[in-house]
Structures are given as structure tokens and as C-alpha cells.
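First, one chain by itself: the form predicted on its own, in C-alpha cells.
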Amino acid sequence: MRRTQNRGWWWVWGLIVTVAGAMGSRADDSPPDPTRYRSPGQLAISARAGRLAVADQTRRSVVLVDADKWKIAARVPLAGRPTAVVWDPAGSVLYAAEHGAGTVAVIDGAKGEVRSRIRVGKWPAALAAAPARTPRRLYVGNQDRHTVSVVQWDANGPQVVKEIPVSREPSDMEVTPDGRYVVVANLLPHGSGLDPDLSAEVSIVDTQTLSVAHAVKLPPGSTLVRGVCVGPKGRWAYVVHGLGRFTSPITQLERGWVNTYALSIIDVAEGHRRATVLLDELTRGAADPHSIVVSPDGRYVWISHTGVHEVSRVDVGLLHELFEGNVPKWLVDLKDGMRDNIWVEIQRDRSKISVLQDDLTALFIARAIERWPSGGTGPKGLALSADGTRLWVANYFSGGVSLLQTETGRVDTTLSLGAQPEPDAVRRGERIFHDATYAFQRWHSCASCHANEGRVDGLRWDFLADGIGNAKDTVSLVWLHHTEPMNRRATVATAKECARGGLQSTNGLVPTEQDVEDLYAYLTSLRPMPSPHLDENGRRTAAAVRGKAIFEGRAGCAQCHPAPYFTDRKMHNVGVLSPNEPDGRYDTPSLIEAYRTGPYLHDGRAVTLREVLVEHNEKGLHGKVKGLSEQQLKDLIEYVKSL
């Protein structure tokens, strides 16, 4: 009953898409305007004020809902895309992260007005408020800086008193009830693609020392860590994430061979991962878990699954009992064929808890998980009532919020955030991109490997379009129609073929022609973000200006990476060889958004841009950097980060 290899060779002829080559002007590609759609993302409930805050991401606003009367009370326009919302302990002030604006809006919850703004990193993506009876603080996860800003109030108002480095792209966070720790989910792994143990990690910040007390590694292949919550007693943190099987070739999708999805349980004070359990079923994936909330008594957690339009409820109270070896008789009697099941094995040997991260049936046979429809499409944010009986679910693509009964999963009612026009091709394609029901057994969506609107997951994968035993790193899809041909070995001629192959080969289903056209429309709508390495006026720093001269001159980088898309769309051997590809010829990748798309080189062996230019450039085939001073090298890298 456990996850095992399927010996029937159902070949999945996948492909890794790369941004590699194009000529022409970026100005010719006007991005579509998504602001006419309602797209609820994160939620936050104030029990005292009776108000539910809904982050309407495409409208760049927060919608305040009267939770009792179930009607919209106010709409608050914002300066950036709202990626996180949280109430202060009194429930009267709402904080909203304004991604792209570099601020957190301070909103009067009663009046529905922005009082002021707090300047933080350019891409704030996570918020957590310290509980009452502790120093008044707000913790802000900066996606662009890979840091947590500590905002503290004094007589002069809010001040950033510390910026704490974490692993990579903090995506969610929560403070323990006593205020002692902040548990930070880091979205992506940070390390070399050649490392078989590569995984994302959870940073546990000590609020007394304002430093990272523990960096808790998740199981190998863990990525897209989007949701975290802390139990009511503060001992346990619960984290949801993807769990990619990136060390195996992509020869099939069945039984979680490529992607699975997990709940990891962490002892906060000890900085230790107690267990990781799979949320999938044997033949049905639980793709793309996004948010997680815990019941007031700590017995249950609820998890949204964006890719399959469901919410799951996990009995974590039962799991803790099972981890201690307290297995009920009915479960003891349940056999795995002729063998004892995994819970009986754990009862005999606690070290077997580690096996749970590969077991697709453990939660199911223990009756510890239920899955329900979310009441819409693309569920993201969750909020739980103070008594634990009601669950609000933000359905991104439906444009509304559903109210579910937590005991039965029944949808009581749904509130629309406003008029929702018929989706155009780009919006339809966006849904397909994030929808795992377009894949065999729902094991993944396109977004499962291309996070943040088509970027990367930090892992490498061994697809079969270019043979076996030569894994390549996941690359960004931004500007893919200007960077043809596709993938590292240029085996796909056009972006349209890439869209078709992604659905047909990588996802294992036969798409309609309309599906292909819609997905292509979405992929070609993707645009680079302004680099956070530009100055406050959106201009290059002095170091980047100096680096540009080196890039175009002495280092010779522009020969293969010419503007505007920074690729010549040709194959080159830059001296980075793999055993199964001795010619060393790979398609030139675009350098657009290189600051956020590591690891680097075709197999992800380089963690940093410096490693690309120095450690893996012995013969000077990948930029003529020998002889550059340390400052010149830094300037060159600063320019690449500005693209």
C-alpha cells in the first residue's frame, strides 16, 4: 500500500522550458490588464471586530467583510499587490503587505482607510503580528531580500529595528502564542542542484536575540513551502509544501513518482522536524497546498489545495498519538497485505516515522484526513472562526469567499467580491497553469514546478526529451516566446510547442486545441518584475552601471547575451560538462531576472552568479573574468542582478 515504483513503463516525454533567445523590442509586448478580475488570495479574521479581511490581489485592494452579516463593508485600494494581511492583537488595525511598492499599509479596520505606511523590502510577502503582552512588533518577510524585517513601535511610531537574513523567499510566517519565536516558511530551496538532499527549510527566529535560532531542513526535494501555522500551545508548527522526487527520472506520473505534497510537523523550541506525512492518496494527488490553519484546541488543521480545488482536514491530534506508539486496536488489525501497516511498525520502532514521507496511504488508513470541495476554484487563503466551527476559503479564480462547516466540510454560502467578467484567453490559461486536474491523477500543475507566476522551484529534473541521466534545472518561463528554441538542449522549436508538450507530455493528458491556445496566451503574458536591485528611482546603481560596461566590453558577455532578451538563441559549450552530454552544448539562457532564478548552469550546479563566473569558468569560456579585480567582478554581478 505504500508508494512503490510502477514497473509498467508509462513514459512521460517531458520537457524543461527555458528562456533562451530572442530579438526585437520589449516595448512591442504590452502586458494584458488583469485588474478587471477579482482574485482573493490571503485572508485574516478579526474575532473582536467581526471583520474578515480579503486580499484582492489583481484589484490591488483589501476587501473588508462583515463576517456576521456576510456582506462587504469596505474596499481599501492599495499601492501594491496585497500578498499578506494580518490584524493587530486588538483586532482594530489591519496590516497589508504591498508587494512591489515596498510598504506595509496600516489600515483602520473600522473606517476602512489607510492610516499610514511602513517602508520595508520591495517585495513584502508575509506578515505576522506579535501577540499582546509582548513588545508591539510586526514581522515582515521580504521576498526580494530573503530577510525578515522587525518593525517595532516607540514614541516616534513604527521603526524597522532589525533585518534578519533567512534562507530564500519567506512566504508565510506565524508567531508562537507566547511571542518567543517566529516560524518562517521559506518558499524555495537554496543550494546546488547536484545535492541529492537539496530542500527548502523553515527558519525559526528567536524574538529575544532577533536572530535565527534554528534552520529546520525539510525532506529532500521539498519546495514551494507556502503555508505555516503554530499550535495553540506553541510547541508544534505545521508546514505545508511540495515534495518533489527530483532524483528519479521522469518515466511515469503514477503513485507520486514525480511530485507529492506534504505536511511537516516541527518542534519549534527544539528546532527539530518530528515527521512529514503525505497529503495525497494512492492514485490521486493533493497538488499545490497553499495555506494552513489550526483549530483552537490544536486537534485539527485545515489545508487549502489550489491545484485540485479542495480543502483537507487532518487530525493532527491523532497523529501525535500515533507517533508516540498509541495505535488503536482497529488500526493494529489492519494489514498491509500480509505485513503490519506503517503505524504498527512505528509503534515498534519510532525511527520508522521517517518512512511516512514516502507513504501515500498512511493518513488514509488511519482515518486522519478528509478532503472536501472548496466551494470554488483555486483556493488559497484560509481563516478560522474563534470557536473553530467555521472556515472561510478564498477561491482565487472564482472571485469569492466560501464559508464551510469545519465538521462536515459543507459549503454554507459563498460571497462574491464583485462582478467577475467572462475570462479571456489569458485568464483561462492562468487557471490551466495552476490547475492539476489537467494532469494525470492530478499529480501536479504547471505551477508545481514554476512558482511565482512561471519562475522556478529551485530543483532539477530528468525529463526524457533529451535522454535519461542528464537532469536539468527548472527555468523561468518569462519571455519564453522571445527566447525560442526551448529547453537546455533546444529540443523544442517554439513556445507554442512548449505549451502543447507541457499539457500532453509532462501532464500526461491529451489537451484540446483551446486549452493549448489559452495556456500559450497566459505564458506569453508573463512579464519580468522590475529588479529589486535597482535604486529607489528604478535606475541602476553606480556599481551596476560600471558592471554594464564590463559586461558589454572586457568580459565579452554581451556576445552571447545581447539585449533586449540577453540571449543569442544559440547553442554553446562553455566548459561545463556532464557525463551523458560530452559535447557540452547548451542553449544560451536569458539573463532576465537572473537574480531570482538560481541555481545556475544547465544542471543547477552553481548556487550563485559568482560561482558561475569563477568556480565553473576555469577556461574563461563563460565570460572573460580572469584578471578582473574583486570590485570589477562585484560590479559585473550587480549589473546582471539589475536585469
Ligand code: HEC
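Start at 1 with the first residue shown and count on from there. Predicted, not measured: the structure shown is a model, and the values here were computed from it.
What follows is about the form predicted together with ligand HEC, which we do not show.
- Looking at N507, you'd find a heavy atom of it within 4.5 angstroms of ligand HEC in the predicted complex.
- Contact annotation: V475 falls within 4.5 Å of ligand HEC in the predicted complex, judged by heavy atom distances.
- Taking the partner from the other structure, ligand HEC in the predicted complex has a heavy atom within 4.5 Å of a heavy atom of G556.
- Contact annotation for G502: at least one heavy atom lies within 4.5 Å of ligand HEC in the predicted complex.
- A single residue from the set T223, T83, Q143, N487 has any heavy atom within 4.5 angstroms of ligand HEC in the predicted complex; that residue is N487.
- When ligand HEC is considered in the predicted complex, only one residue from D88, D466, E281, D515 comes within 4.5 Å through any heavy atom, namely D466.
- Against ligand HEC in the predicted complex, the set I118, L127 and Q357 makes no contact: no member has a heavy atom within 4.5 Å.
- The candidate stretches are 101 to 109, 72 to 80, 293 to 301, 516 to 524, and the one lying within 4.5 Å of ligand HEC in the predicted complex by heavy atoms is 516 to 524.
- For the stretch 532 to 554, the set of residues having any non-hydrogen atom within 4.5 angstroms of ligand HEC in the predicted complex comprises only F551.
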